[in-house]
Every structure is written in C-alpha cells, then in structure tokens.
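Here's a solo chain for you in structure tokens, the form predicted alone.
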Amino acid sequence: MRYLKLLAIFYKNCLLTDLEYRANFVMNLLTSVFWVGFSLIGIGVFFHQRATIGSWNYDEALLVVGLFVLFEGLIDSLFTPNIQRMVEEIRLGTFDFVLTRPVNSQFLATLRYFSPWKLANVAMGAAICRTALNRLQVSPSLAQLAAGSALMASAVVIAYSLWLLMLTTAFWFVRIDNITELFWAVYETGRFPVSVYPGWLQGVLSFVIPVAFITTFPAAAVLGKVGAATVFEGLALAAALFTASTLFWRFALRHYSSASS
C-alpha cells in the first residue's frame, strides 16, 4: 500500500506538470490519434486483397492491433520517461539521490515518472479491441476471459522486464538509444498475428524476444485459439524475465560509480 500511495503522488505530479503546457498536451494527443489511424490503415491494406492472413481474418487481426496500440501506449507512458531520466542521472552521477532514498531503488528508478498523454493510446487500443469483438460477435467464455487476462498480466510483466534489462545496460554505456530503437523495431512485428511470419521467426518472437506474448497470444486466448499450456508458458516466461531483470539490476548497482566516488 505504501508503494501504491507513492505512485499516486508521483503520477499526480506528472499530470499536473504536463497540464501546465496545455497546447503541447493537446498536440501530443493529436499525434497519438494520427499514429493509431496509421496502424489501422496499415492492417487494412494487408487485408484488402485477401480475406485471411495466417489463419486470422481482418476482425481477429484487428484485436491484435488493439493490443499492440494498448501496450505501445503503456510502454511509452510508463517506461520510456523513466529510462530517459535514469540514463541522464547515471551519466551525471546524480543517481546517488535515487539510491539514498528510503524506497526500493528499482521501483523509484523505473516507475517514478509517466507521460499522461500517452494513456490516450491505451484508451484507443482498448476501444479497438472492443470494436473487434463486437464485429466478430464474440462473447468470450469465463475460461477464455481468464486466459486472456492472465496473458495480458504476463504481457505487462514481460514488457516491464524487457525494458528494465535494456535500462540496466546504462550502467556501462553512456547512451542506450540504439538498444531502445532496436526494441521498437522488433516490437513493430507485434502489429500483426505472429502466425503470418515464417516458422523460425515465430519461435524468435515467442521465446527469444517474446513480442508474441504481448500482442498475439492474449488476443488468441480471448478468441479461444490457445490452450492452458500457452497460458502457463506466458506466466512462466514473465516470472523468469522479471527475476532475471531484477537480478541484473542488483548486479549493475554494484558497478555504479557515483558522483562522490
């Protein structure tokens, strides 16, 4: 509860700060709407000449696009602002102030800031998912909803863990822009169901860089396309990545050269 209260205070301050510049806030919202529209046009182009791609029809693929937009907004609102600030703090040596505060350093460094305008992507992604389900006239069963919810929770942990692993490399490298750009380039593959790719690439996107567990598999669970084994794999993968990223974070802290050292 203490950490939840801290998050509420942090995020309220971030919201008030962003609202000080209302024109910028509105422009960022309009930019988000534009890129979401671009994503919808992209998927429409692919389905213009054929009814299905990789056993997915347009409305089913639209559900994947909705999750792609939703998690893109989540990553950009919660993770990107923190990675930008932390890299600068490590470079300047001011990361000392994070370590000396009486809270978990990983929590403070990775969740302290957020960009409220990017939550528009989360809302639009959820709206796209709802529209896709309405077009499909699908009413998921309780088992499908439970599987989808479990995989979405796993997706949040997987996305957080991947970003924490990238962020932690800042203790050795001055800039990590190229690493984050590489992540976004790979994440773009999640705009489409993973089954549209060759078999070897499906394996990479499922277990090496698990983008499929962020977009495709949660959508497939809601549609009843995956079984309990996939849900278990998602939960296990999320637990393994979170453990690995936390251990890597603790290892990196021992190599931090503070401003005073």
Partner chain sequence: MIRSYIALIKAYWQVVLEYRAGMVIWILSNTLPLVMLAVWLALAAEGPVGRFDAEEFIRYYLILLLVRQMTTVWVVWDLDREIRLGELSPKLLRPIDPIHQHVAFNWADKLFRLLTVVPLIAMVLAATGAWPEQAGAGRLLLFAASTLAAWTLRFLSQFSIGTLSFWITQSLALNELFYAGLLMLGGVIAPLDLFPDLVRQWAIYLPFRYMLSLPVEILLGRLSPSDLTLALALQALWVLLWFTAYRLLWKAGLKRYGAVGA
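Numbering follows the first chain given and starts at 1. What you are looking at is a predicted structure, and each value in this text was computed from that prediction instead of being measured.
Missing here is the form predicted together with the partner chain; even so, the following discussion is about that form.
Colleague: 196-204, 230-238, 59-67, 216-224: which one contacts the partner chain in the model of the complex at 4.5 Å, heavy atom to heavy atom?
Modeller: Residues of 196-204 come within 4.5 Å of the partner.
Colleague: When the partner chain is placed as it is in the model of the complex, are Ile41, Ile53 and Thr189 each within 4.5 Å of it, taking any non-hydrogen atom of the residue?
Modeller: All three within 4.5 Å in the model of the complex.
Colleague: Which residue, Ala185, Leu99, Ala123, Ala146, has a heavy atom that falls within 4.5 Å of the partner chain in the model of the complex?
Modeller: None of the others qualify; the residue that does is Ala185.
Colleague: So, in the model of the complex, is Glu181 in contact with the partner chain at a 4.5 angstroms heavy atom limit?
Modeller: Yes, contact at 4.5 Å.
Colleague: Mark Asn24 yes when one of its heavy atoms lies within 4.5 Å of a heavy atom of the partner chain in the model of the complex, and no otherwise.
Modeller: Within the cut-off, so yes.
Colleague: Within 4.5 Å, heavy atoms only: does Val45 come near the partner chain in the model of the complex?
Modeller: Yes - in the model of the complex, heavy atoms of Val45 and the partner chain come within 4.5 Å of each other.
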